[in-house]
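What follows is a single chain, given as structure tokens, in the form predicted on its own.
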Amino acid sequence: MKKISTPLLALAISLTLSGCAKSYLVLMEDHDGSTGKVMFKDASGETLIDQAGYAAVLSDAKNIFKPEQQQIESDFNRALSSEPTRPDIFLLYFNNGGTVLTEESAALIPKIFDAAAAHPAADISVIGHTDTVGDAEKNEKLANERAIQVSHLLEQTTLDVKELVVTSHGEKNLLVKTADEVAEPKNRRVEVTIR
């Protein structure tokens, strides 16, 4: 019996390889640039594929090869074209203790508008966060104020927005894990997700 452990993005297809009908599976890079793993087990043994772009013939776990990118796109065109549109995710950072965006984050606002414009009837999630400095209840309110501020920027445009959801996580979901009372700049953020 053949066992296949499937990563987030692996594609399998039946086609003719070297003149005979064969099925193969190719491991693809995930959208975030990471690559999972595929383990094949059959009577001939066990083979692990852990590099994007490598493939294995399903009837022979030891038959590993690397098809050309053009071949992968041709063989898996239907599967690749049916993949859902990936969300756009932006992290906006804030200066310490308030609702003022850093200069770098303020410069991202036009890119957020462009991304939202590319999604017809966009669903947008805006989640506010803080670092661990200060009272947790006050941080919950501050994170909410940050998220509301960003949502107001989005509401002032002519974008086709189906739904805009604003929430606050306060200091509960740290991007960088820290102890209490640590002023970590990457934790003072708003996450904007556009679907």
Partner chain sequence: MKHFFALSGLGLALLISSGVSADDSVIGYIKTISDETSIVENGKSVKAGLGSPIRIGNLIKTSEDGSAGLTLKDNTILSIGPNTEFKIDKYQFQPQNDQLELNASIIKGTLHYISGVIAKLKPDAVAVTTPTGVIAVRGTRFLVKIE
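Rigid core: the largest C-alpha set superposing within 1.5 Å between the two forms. Everything numeric here is computed off the predicted structure, so don't read it as measured data. Numbering follows the first chain given and starts at 1.
In what follows, reference is made to the form predicted together with the partner chain, a form of this protein that is not presented.
* Asked: If you check Lys138, Lys62, Lys66, Lys162 against the partner chain in the model of the complex, which one has a heavy atom within 4.5 Å?
  -> For this set of options, the contacting one is Lys162.
* Answer with yes or no whether Asp114 is in contact with the partner chain in the model of the complex, where contact means some heavy atom within 4.5 Å. => Asp114: no, not in contact with the partner chain in the model of the complex.
* **Touches the partner chain in the model of the complex: Leu25 (any heavy atom, 4.5 Å)** => Heavy-atom contact with the partner chain at 4.5 Å: present for Leu25.
* Does Thr132 reach the partner chain in the model of the complex, with heavy atoms at most 4.5 Å apart? -> No, Thr132 sits far enough from the partner chain in the model of the complex that none of its heavy atoms falls within 4.5 Å.
* To do: Mark Ile72 yes when one of its heavy atoms lies within 4.5 Å of a heavy atom of the partner chain in the model of the complex, and no otherwise.
  => Yes - in the model of the complex, heavy atoms of Ile72 and the partner chain come within 4.5 Å of each other.
* **Any residue of 86-102 that, in the model of the complex, places a heavy atom within 4.5 Å of the partner chain** => Those in contact are Arg86, Pro87, Ile89.
* Asked: Would the C-alpha of Pro110 be classed as shifted by 2 Å or more between this form and the one not shown after rigid-core alignment?
  -> Moves: no, less than 2 Å.
* To do: Take the rigid core as the frame of reference and indicate whether the C-alpha of Gln51 shifts by 2 Å or more between this form and the one not shown.
  => Yes; Gln51 is a residue whose C-alpha shifts (by 2 Å or more) between this form and the one not shown when the cores are overlaid.
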